[in-house]
Ligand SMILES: O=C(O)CCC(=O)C(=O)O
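Form predicted on its own, single chain, as structure tokens, below.
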């Protein structure tokens, strides 16, 4: 199948490497997600709450809660959310092949307070298969596409995500880029502002990071990274049996697209 019915979101995703899905999550669902954060215990670095672990990426990023899908049903609803799942199936789900399907490579929440930022990184120049951007014979073949869902408004001073548009197609590294920038945007970069409920969808090959938060309060986002069904989790997290058993078949197939094979188990026909 060659995609001929391309809409503006597809066009911008191909052209810039990202697109904004306005009001992707409704206010009621958004309130449930924020309420879950309000009730979540304050964990030390590497501390656990159930099957969720605080695993901050670096000392500047803020609090990052990995495997956040285990934090309750509101997070489970994001697995196959109808606003982005059909697009992700086309972009990185190896559609129309024998390995068709999605897999969540990583899912975490980020809570950033005053002073936190994230170094800019990635870019198409390295050609890494895990985060590559490709269109082959009119079909998307991306290695990883991210959904960054804003749970709070993110405007000037809030530590918004920074992207370098079109860098997913770059052949060379960004000249003289400082990895520890905080508030001064590199030339050609832009800060993305979102309203609570908006989702930033971007291919992981796109150069991205986040400016320093200078405002009081919290920047809350949830990030789900999707890839093809044959992927594996970035940090080795295993989903609990309790979660897998209560999920719908559609959601379970994304978290566990290839069920474990054990003696005596009935398995499907091999392709």
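As the structure is a computational prediction, the values presented were derived from the model and not from experiment. Residue numbers count along the first chain shown, from 1.
Not pictured, yet referred to below: the form predicted in complex with the named molecule.
Residue-level contacts in the predicted bound form: of 148, 71, 164, 102, one residue has a heavy atom within 4.5 Å of the named molecule, and it is 148. Screening 84, 133, 118, 75 for any heavy atom within 4.5 Å of the named molecule in the predicted bound form leaves a single hit, 118.
Just one listed stretch, out of 217-225, 239-247, 22-30, 37-45, contacts the named molecule in the predicted bound form at the 4.5 Å heavy atom level, and that stretch is 217-225. Using a 4.5 angstroms limit between non-hydrogen atoms, residue 62 is distant from the named molecule in the predicted bound form.
At least one heavy atom of residue 210 is located within 4.5 Å of the named molecule in the predicted bound form. Shown alone here, residue 140 lies farther than 4.5 Å from the named molecule in the predicted bound form, counting heavy atoms only. In the predicted bound form, at least one heavy atom of residue 108 sits within 4.5 Å of a heavy atom of the named molecule.
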